[in-house]
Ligand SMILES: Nc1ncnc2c1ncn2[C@@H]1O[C@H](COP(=O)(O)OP(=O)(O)OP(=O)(O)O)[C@@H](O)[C@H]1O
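Taking the form predicted on its own, here's one chain by itself in structure tokens.
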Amino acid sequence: MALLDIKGIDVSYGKSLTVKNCSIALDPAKICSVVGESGSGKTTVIRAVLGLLPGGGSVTAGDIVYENRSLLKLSKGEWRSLRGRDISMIFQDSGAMMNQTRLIGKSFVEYIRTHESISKQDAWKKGAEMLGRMRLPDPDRIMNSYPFQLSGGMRQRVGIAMGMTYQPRLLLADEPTSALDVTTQAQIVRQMMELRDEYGTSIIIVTHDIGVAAYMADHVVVMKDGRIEDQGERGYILNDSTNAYTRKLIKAVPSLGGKRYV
């Protein structure tokens, strides 16, 4: 049975229909990559899952079912208990989502105490432990740093640490590697896959990088102009799909020495 079932949703901003008839099913402990050009509706889909559509956006058709529960019918209180614990999100630049004038430790403590009745001291300790699990060196120093004092890769790992504090069943990742150098991208991708292996976390990763998608995903969804253009198991999408847009995306991946690494 699917952990998450997006059933033919439309997403609208006012009178503008942005995403049309989108259906994606995600099983437990599986990774789904949603790929496509900028503006194809990728981020809109995962924001709809988390109930965080900006600017008055809303799901105007279809349903989003998580563990046999419609997410579209949740109250604000139910959302508060679900976000962060069962479903978490990593943003494109986690550092930009943090308050630049507050220590990372204070932000982390506030995040933990939003979801758990715990002292500030114990929350600080728990935050530092999570940073250590993300293989960040000297967690206490990072807890006592401001976001702007860390590299982009370190900020992303802080974001992943926050998102994984309660070992959520579902992790939504919005272009988590796009602002990073290639070496750091590889480290973040490996760590996300380890989260799946260690905790059984299901992941939806939004990316324009078909190479990242091919490496990580069990299932690949190709979006174009707000619609699903193609989808299937990784092997099918990479090798067997005859969809013209899918083939175009794959051909756009750079080759090295005549070999294309997807």
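Throughout, we count residues from 1 along the sequence that is shown. The shown structure was predicted, so the numbers you read here are calculated from the model rather than taken from an experiment. Each form is matched to the other, and the largest set of C-alpha atoms that superpose within 1.5 Å is called the rigid core.
This protein has a second form, the form predicted together with this ligand, left out of what is shown; the following refers to that one.
J.: Taking heavy atoms only, is R85 within 4.5 angstroms of this ligand in the model of the complex?
T.: Flag for R85 set to no.
J.: H208 versus this ligand, in the model of the complex: is there a non-hydrogen atom within 4.5 Å?
T.: H208: yes, in contact with this ligand in the model of the complex.
J.: Would you please decide whether G41 lies within 4.5 angstroms of this ligand in the model of the complex, comparing each non-hydrogen atom pair?
T.: Yes, G41 lies within 4.5 Å of this ligand in the model of the complex.
J.: Is there a heavy atom of S241 lying 4.5 Å or less from a heavy atom of this ligand in the model of the complex?
T.: No, S241 stays farther than 4.5 Å from this ligand in the model of the complex.
J.: Which of these residues, E67, D63, E37, E233, gets a heavy atom within 4.5 Å of this ligand in the model of the complex?
T.: For this set of options, the contacting one is E37.
J.: Considering S151, T114, S81, Q167, which brings a non-hydrogen atom within 4.5 Å of this ligand in the model of the complex?
T.: Of the candidates S151, T114, S81, Q167, S151 is the one lying within 4.5 Å of this ligand in the model of the complex.
J.: Which of these stretches, 71-79, 152-160, 100-108, 117-125, has heavy atoms within 4.5 Å of this ligand in the model of the complex?
T.: Selected stretch: 152-160.
J.: So which residues in 1-37, when you check this ligand in the model of the complex, have a heavy atom no farther than 4.5 Å from it?
T.: Counting only heavy atoms within 4.5 Å of this ligand in the model of the complex, the contacting residues of 1-37 are Y13, T18, E37.
J.: Hey, does H208 budge by 2 Å or more at the Cα between this form and the one not shown once the core is superposed?
T.: Yes, the C-alpha position differs by at least 2 Å between this form and the one not shown.
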